[in-house]
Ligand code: HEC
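To begin, one chain is listed below as structure tokens, in the form predicted alone.
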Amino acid sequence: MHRKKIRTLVLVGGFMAGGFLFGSTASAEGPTAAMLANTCAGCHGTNGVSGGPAMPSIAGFPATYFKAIMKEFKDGTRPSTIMGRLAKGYSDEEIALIADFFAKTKWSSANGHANSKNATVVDTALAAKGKKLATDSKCDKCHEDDGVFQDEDTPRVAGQWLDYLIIKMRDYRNPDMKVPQQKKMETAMEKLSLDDLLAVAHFYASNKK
């Protein structure tokens, strides 16, 4: 075989081998944060912006809070239907990647979705009552700025789906659920009836800023 042709074949073979090698290395590095976070879209919507009234938006959640919640799902201390099983499928490192991804994603309130017509409509009178109840019960000590504020211990509640907020209010009041919560929140909620909590849910759902 001609020397020039042999040299060409060697070079091509080298590039092909290198390609396989680099491809193998990339695969060994594991999925990216975006790839991992994309698995959440089926329930929590694209980039964590929920498209269904029973599911919370998680876009913009503080990373520390997100990781804490996932740990509770993973070890079974936070009750769930499916999240507990899903959380067990991720390593702590993968959960940290997902948490960082959503922490950098812009929040979008639960309005303007294609299927928002299926959601419960916010009652303005109940929302006004809920605002007063939230103040009187000192909900605003943690959920500042009408529920917009969030930090490592406090998630944003303003602008979440009303249906989701109602579900969570009932879960927190259900002793059989044993949902982890701070003592001050438990104390505040004990002072409110289920009707009061419904009004508070309408209030927070109404604040979409």
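Since we're looking at a predicted model, the values are computed, not measured. Residues carry their position along the shown sequence, with the first being 1.
Heads up, the form predicted in complex with this ligand isn't pictured, but that's what we're talking about next.
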{"query": "Contact label in the predicted complex: Asn47 to this ligand, heavy atom within 4.5 Å", "finding": "no"}
{"query": "Exercise: Gln160 in contact with this ligand in the predicted complex, heavy atom 4.5 Å", "finding": "yes"}
{"query": "Residue contact check: Pro56 to this ligand in the predicted complex, 4.5 Å heavy atom", "finding": "yes"}
{"query": "Residue contact check: Ile82 to this ligand in the predicted complex, 4.5 Å heavy atom", "finding": "yes"}
{"query": "Heavy atom distance at most 4.5 Å to this ligand in the predicted complex, all of Met70, Cys139 and Pro155", "finding": "yes"}
{"query": "Contacts with this ligand in the predicted complex, stretch 186 to 209 (heavy atom within 4.5 Å)", "finding": "Ala188, Met189, Leu192, Val200, Tyr204"}
